[in-house]
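Okay, here we've got a single chain as C-alpha cells, the form predicted on its own, with questions on binding and movement later.
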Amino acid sequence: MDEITRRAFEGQYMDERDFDLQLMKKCKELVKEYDIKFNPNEIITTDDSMADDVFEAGMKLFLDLGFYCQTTRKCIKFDEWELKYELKNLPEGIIIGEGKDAVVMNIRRVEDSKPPIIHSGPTGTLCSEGDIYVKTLRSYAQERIIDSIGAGTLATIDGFKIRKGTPQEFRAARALARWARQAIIEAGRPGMHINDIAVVSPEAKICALDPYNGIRKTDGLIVAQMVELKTSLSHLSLVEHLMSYGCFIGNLMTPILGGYAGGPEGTAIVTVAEHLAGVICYNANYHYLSLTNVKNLNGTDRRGLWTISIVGQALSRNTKIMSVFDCYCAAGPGTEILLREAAAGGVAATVSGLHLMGCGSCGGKLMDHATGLEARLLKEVGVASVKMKRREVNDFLNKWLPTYEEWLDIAKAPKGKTFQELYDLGSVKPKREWMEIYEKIKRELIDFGILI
C-alpha cells in the first residue's frame, strides 16, 4: 500500500469535476473506437470479439485516467505491465468460511459447468435492529443452497439514529457483526462466510473485526468505490488494515447506468475499469458488480442485463477476476415481479461467468424489504442454468422479460411486504402466501425448461 499511497499524493492533480468530464469524454471515444453496440434483442451476446473489446477498452480507460483519490485530488496511475502482473498472479479460487460450512469459490468462465457461489443477505437494505435483524439474516443462512450472508443497514441502534462518523455508527458496526454471527449459529451453520457489515464510514467497519464475536479471518468486508472510479485515503486505509488482519476483501462498485459513463456500452467499459482498480488498489479477493439504473435502481432490465453479461464475459475471458453480480431489483418481496427479476438475473449472470449476490429488492430503499426466499430462487436458477448456452439464455430472456419489464419503472414496481409480514417470526419460515407465489414462479420456470 505504500506505493499506492505515494501515488495518491504525487500523482497528477485534477479537480474532481474535471475527472468526471474526462471520464465521460473518454467513455464516448472508446465506445466509438471499439464499435461497441448494445442490442436489446441480444441481451446475452455471443460475440466473443466484442467481449474482448470491452475488456481492452476498460483497461485503456483505467490506464489513461487512473483511480481518482478524492482526499488528495490526485490520480493514482499505473503502467500496463504493473496491471498485467497483478492480473497474472490472481488465484484460481479461494476458500471462504470455515469448517463444515466452508465453500470453494472458483473463477468461472463463460458457459461454465461449475455452479456459481451466492453471497446473500439484505444487501444494504435498511433493516430493523435487534431480533428482527437476526431473524432476517437467519432466513438466508438456513437455506442450505446459500453459501454466504452479508449485512443490511441499520437506521437506528438502541433507538438512536445512526449518522456517518458518529459513535453510534461504530457501535452499529459491532452489533451488525455480532448479530450476523448469532444468525448463522442459530441456523446451524456457525462457520458460514459473512461477507460484510453495512456501515458507511471505512473507519467504523474496523470495529467489526473480532474473531470471537464479529468478523473472522474467514469472513470478509467490503471496501467501496465512489462513482465513478474513485477512492479516498480512508478507503485505502481500510484496505491496509484488512490486509493486516487477514480477512477477505470485497471490492464494491456501483456503476450508474445512465450516469457519467452514458448508456450500457460506456457503463460496461467503466465497470471493467473499476474491477481493475479493485485488483491493484484494493487487493480484492472478489468483486461486487452492483450495477445501478440511474432511474429505477435495478439491474434487471434489458440494458442492465446486457451490461452485466458483457462485463462478465469480458472479465472471465481475459482474467481470473471473480466477479459477483449484485442482483438489484425494482420490485419487493412477496411479489411475482421480484422473483421474475431474480430469475432473469440468475441465468444472465451464470452463463456469463459471474457469481451471484442478492437480492436487493426495491432498489434497497425500503425498510425490512428483504427475505431469504428470493435469494433461494436466485441460486436455484443459477445452479440449473449451468447446462445452458448463451444463445439458449438469450432466447429464454426474450420470452421471460415481457412477463415483468413493464413493471420496472420505480413508480410502478410493486413494493411488496416486509419480512415481518412474509415470515413466521417464531419458526423463521416463509408464510404460505409467499411460498405460493414462489411455487408459482418455479412452475413457470419448469415449463420454460430452466428448472427441473
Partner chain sequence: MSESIFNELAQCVIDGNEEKARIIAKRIIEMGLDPLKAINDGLMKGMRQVGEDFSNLKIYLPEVMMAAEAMKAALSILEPKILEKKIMEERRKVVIGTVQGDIHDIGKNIVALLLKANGFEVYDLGRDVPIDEFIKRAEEVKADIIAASTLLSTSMPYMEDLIKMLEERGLRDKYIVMVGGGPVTREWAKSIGADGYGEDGDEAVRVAKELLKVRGK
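Keep in mind the model is a prediction, meaning the values are calculated, not measured. Numbering follows the first chain given and starts at 1.
Here the subject shifts to the form predicted together with the partner chain, a form of this protein not shown in this document.
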Interface residue in the model of the complex among 78, 170, 133, 260, criterion: non-hydrogen atom within 4.5 angstroms of the partner chain: 260
In the model of the complex, the residue from 74, 303, 216, 174 that sits within 4.5 Å of the partner chain by heavy atoms: 303
Residue 363: touches the partner chain in the model of the complex, heavy atom cutoff 4.5 angstroms: yes
Any non-hydrogen atom of residue 46 within 4.5 angstroms of the partner chain in the model of the complex: no
Non-hydrogen atom contact residue 398 with the partner chain in the model of the complex at 4.5 angstroms: no
Close approach of residue 389 to the partner chain in the model of the complex, 4.5 Å, heavy atom: no
Among 370 to 378, 222 to 230, 270 to 278, 113 to 121, the region lying within 4.5 Å of the partner chain in the model of the complex by heavy atom distance: 222 to 230
Residues 206, 238 and 250 all lining the partner chain in the model of the complex, heavy atom within 4.5 Å: no
Residues in 53 to 70 with any heavy atom within 4.5 Å of the partner chain in the model of the complex: 70
